[in-house]
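Just the one chain here, laid out as structure tokens, in the form predicted on its own.
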Amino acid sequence: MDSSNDEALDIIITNVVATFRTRCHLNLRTIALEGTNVIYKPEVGKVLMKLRKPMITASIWSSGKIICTGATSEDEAKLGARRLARCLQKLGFKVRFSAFKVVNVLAVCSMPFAVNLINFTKNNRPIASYEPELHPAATYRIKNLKATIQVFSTGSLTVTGISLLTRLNTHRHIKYLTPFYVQLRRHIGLRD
């Protein structure tokens, strides 16, 4: 990559999905009647609970498994999960916070140039696929990093499936894909 293309990429983590267990059975009806910011979904067998700080939404099942979505970092997801466990303790359940795990991370990035998706897919055929009838983005799978990158013709990227240990891990995914972008970059005035 030449120095004219060395621009700082603004990578934004938009969603962190985490799970944890309470190690006790939860009565969903009690949570729905006594809890705050709660939506009871008896047909699905779960309760949705929302927290304001940090801004997360939790899906709670009677088995004690809880999935938290909406956090923007691993620390925020853990803090939200612990606050949720504390809310359940205040409702009278013998909750013990255990088995916390980050399951998925969604990050977005915008490249400073557009991409010709057809050429991009042809040059990276085994790991890239593009079906314009089904989805407007090309899907690029990186097996050794366990990530899926959605590549849009505008130069926007959506990175999913990352186990987030550090934010540098996300930057590594983008840097892995950047050389392909540079060779397939096209001017905005040209058509596919």
Partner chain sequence: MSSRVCRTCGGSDIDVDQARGSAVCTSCGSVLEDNIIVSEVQFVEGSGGVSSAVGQFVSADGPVKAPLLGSGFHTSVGKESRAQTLQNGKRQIQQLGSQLQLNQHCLDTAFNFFKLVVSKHLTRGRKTEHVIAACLYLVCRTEGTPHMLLDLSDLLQVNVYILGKTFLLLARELCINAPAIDPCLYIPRFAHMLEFGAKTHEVSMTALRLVQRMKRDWMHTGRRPSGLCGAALLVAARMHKFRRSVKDVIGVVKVCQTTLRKRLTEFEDTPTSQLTIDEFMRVDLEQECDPPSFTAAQHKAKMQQLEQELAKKLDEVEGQFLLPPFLFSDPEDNGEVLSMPSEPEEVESEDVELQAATHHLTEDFLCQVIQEEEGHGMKGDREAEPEKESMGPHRQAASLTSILGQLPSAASLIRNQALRLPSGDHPQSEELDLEGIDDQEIDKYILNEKEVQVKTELWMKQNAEYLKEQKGKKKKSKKQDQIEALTAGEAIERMLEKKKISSKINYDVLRDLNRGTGSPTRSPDHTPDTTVARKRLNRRRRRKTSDSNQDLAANTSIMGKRTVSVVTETETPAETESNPPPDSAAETSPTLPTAPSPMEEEEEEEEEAEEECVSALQLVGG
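Residue numbers count along the first chain shown, from 1. Just so it is clear, the model here is predicted, and its values are computed rather than measured.
Note that the form predicted together with its partner chain isn't included here; everything after this is about it.
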**Report entry** its partner chain contact in the predicted complex: residue 106, any heavy atom under 4.5 Å
**Finding:** no
Report task. Considering only heavy atoms, tell me if residue 125 and its partner chain come within 4.5 Å of each other in the predicted complex. Result -> yes
Query raised in the report: Going by a heavy atom distance of 4.5 Å, is residue 32 a contact of its partner chain in the predicted complex?
Result: yes
Query raised in the report: Is there any non-hydrogen atom of residue 40 lying within 4.5 Å of its partner chain in the predicted complex?
Result: yes
Query raised in the report: For 63 to 91: residues with a non-hydrogen atom within 4.5 angstroms of its partner chain in the predicted complex?
Result: 75, 78, 79, 82, 83, 85, 86, 87, 89, 90, 91
